[in-house]
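A single chain, nothing else alongside it, follows as structure tokens in the form predicted on its own.
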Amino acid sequence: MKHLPHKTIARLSQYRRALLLCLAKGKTHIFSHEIAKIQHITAVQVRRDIMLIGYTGTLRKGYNVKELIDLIGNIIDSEKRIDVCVVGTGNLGKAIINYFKGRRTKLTITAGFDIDPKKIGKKITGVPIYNVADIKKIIQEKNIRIGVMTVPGEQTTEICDMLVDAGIKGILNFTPKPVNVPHGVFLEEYDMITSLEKVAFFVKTQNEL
């Protein structure tokens, strides 16, 4: 499972989220075309991803929802809890902390960092906010392994370097500026402006038809 494609891992996470909602509604079994419809992809893609993790359903009932949720969890989740920090607790950083609270038992945001004296020493949904100057000390004390960056673009490179120096092994970059990380650090970059412009392009082309 170590060599699963990155895109497959991302889709498995999305499948689990959809399956959890189905389970909450009392659904016990689901077919690939139903998952595909929820995720706006093809049933072939769903079946291919699920075959990659060694799971099969039945022709009559499809996939067992609870079994598939548990299997995806065993593949994606760590045996031990992985702690996460958010650097930059403005509107986006605060929203991420609030949204993620309690959603995953094996993945927990345990610290936030900021330079604003009014925020330092406070808590957001129970998560303490520390001074960015103490980032290495706190990350190592709490054994934090993932950093989420929501800082202004001009601070991105500096903060990324600080996270790497502190021993962070995974970075999720929500800033508009791309960064480089050394071998051994996994980087995921999400540019909301690019995503929005992509959607706007397709809206524009539809209007031109």
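A quick note: this is a predicted structure, and the numbers were derived from the prediction, not measured. Position 1 is the first residue in the sequence shown; the rest follow in order.
The form predicted in complex with a further copy of the same chain is left out here; the points below concern that form.
- Query: Is every one of 92, 146 and 192 within 4.5 Å of a further copy of the same chain in the predicted bound form, counting heavy atoms?
  - Reply: Heavy-atom distance to a further copy of the same chain in the predicted bound form: all three under 4.5 Å.
- residue 129 within 4.5 Å of a further copy of the same chain in the predicted bound form, heavy atoms: Heavy-atom contact with a further copy of the same chain at 4.5 Å: absent for residue 129.
- Query: Looking at the partner-bound form in the predicted bound form, is residue 38 within 4.5 Å of a further copy of the same chain by any heavy atom?
  - Reply: Contact check for residue 38: yes, within 4.5 Å of a further copy of the same chain in the predicted bound form.
- May I ask you to state whether residue 57 is within 4.5 Å of a further copy of the same chain in the predicted bound form, using heavy atom distances? No.
- Message: Although the partner isn't part of this model, could you tell me whether residue 137 comes within 4.5 Å of a further copy of the same chain in the predicted bound form, counting any heavy atom of the residue?
- Response: Answer no; every heavy atom of residue 137 is more than 4.5 Å from a further copy of the same chain in the predicted bound form.
- 50, 171, 162, 69 - the one with a heavy atom within 4.5 Å of a further copy of the same chain in the predicted bound form: For this set of options, the contacting one is 171.
- Query: Which of these stretches, 42-50, 26-34, 57-65, 175-183, has heavy atoms within 4.5 Å of a further copy of the same chain in the predicted bound form?
  - Reply: Residues of 175-183 come within 4.5 Å of the partner.
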